[in-house]
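The form predicted alone is given below as one chain in structure tokens.
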């Protein structure tokens, strides 16, 4: 709905959630269930951000995650990550069942696969089963090509996120087309009014404040691409390739979603749509491309999302970000953690996902890489002739021919041909030279 007229405004709320994607709506829904007065503000429409572009896998299978986390943050923290994501799957099922939500929810198998070397999958199997995840190694899949091996996770799920969000948003007060220009203390600054809240939650995909928090030094953004195919044989499981240029497969009703081409935002996409189209025709000769799109993911240095207080200096401001490519389960984890936090309850996963955590050895390499990329982008924006500079921090923009957009290689903001803002963290349009 649109924001109401001034005469109907209630200036003070208990909680304001900024962002009406899956994370924001779920958090607001859980808070309202606890009797908390909550308002959701959305710059565009419900689900119009990254949630609207998701392949909607509800899974604890996050690539070669657990063997990596054991090395970077230790066995016990990796175990907590696994348990949190398994609980998130169960919580979706409970919520959908208890509220009678028709959203095509289905428990399915989820596979990691390789056509090159199965040893990495066997290491991941050891790690996943160590944490109680029901996973097994196999060479049998539904894929239209042979594999060296696949790691199958049982009891994963898929659903239609649009149907799900449409249902839970009916229970909430959501102001669409309401852009937040700033947050100052407990005030939320809109274009024509100021709202106040006891607690504020930033569920905007990428954090909108640089200081404090410094999230621009703690994560970068990546893009990936999807084709929606018609006329293919159905694939019941969900598949994610671990090889370089690996593909993902996921059935969505009568359509097959074929994904791949991941790259850092602002770098050359390498004809991602052409390569996906060639793969579609090679493996499914009779298929038709129904539509195509891309999505953007925030990638934290240590591989764990940031959920909790924005910084030690902002006790009433909270943040949800860093979901990598696993936004559905991470959104549910965020909603559970922040519900408990704002209701004064202990959550067993809060410390793991806390933005104030310090996992030094897990982050330092990626931090240095990101700082180097940012310095390069800032240098280009300041000292070299460029068609445009990002309105976030002034980095030189790069042209993305796949999306026909100007993308920032520093922090992932995106702009149209004319400079209209498409993706944050920038908050205003960019000036593009003709």
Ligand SMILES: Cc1cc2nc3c(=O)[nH]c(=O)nc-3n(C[C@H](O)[C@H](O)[C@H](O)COP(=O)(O)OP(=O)(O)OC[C@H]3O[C@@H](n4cnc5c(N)ncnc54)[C@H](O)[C@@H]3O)c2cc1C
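Positions refer to the first chain, counted from 1. Predicted model, so just to flag it, every value in this text is computed and none were measured.
The discussion below concerns the form predicted together with the ligand, not included here.
Contact check for residue 295: a non-hydrogen atom falls within 4.5 Å of the ligand in the model of the complex. Although the partner is absent here, residue 81 lies well away from the ligand in the model of the complex, with no heavy atom inside 4.5 Å. For the chain shown alone, residue 15 is not a contact residue for the ligand in the model of the complex, no non-hydrogen atom being within 4.5 angstroms. Interface membership of residue 373, defined by any non-hydrogen atom within 4.5 Å of the ligand in the model of the complex, is ruled out. With the ligand left out of view, the stretch that reaches within 4.5 Å of it through heavy atoms in the model of the complex is, among 95-103, 212-220, 327-335, 143-151, 327-335. Contact annotation: of the candidates 73, 317, 174, 226, the single residue with a non-hydrogen atom within 4.5 angstroms of the ligand in the model of the complex is 226. Taking the ligand as positioned in the model of the complex, none of the residues of 96-122 brings a heavy atom within 4.5 Å of it.
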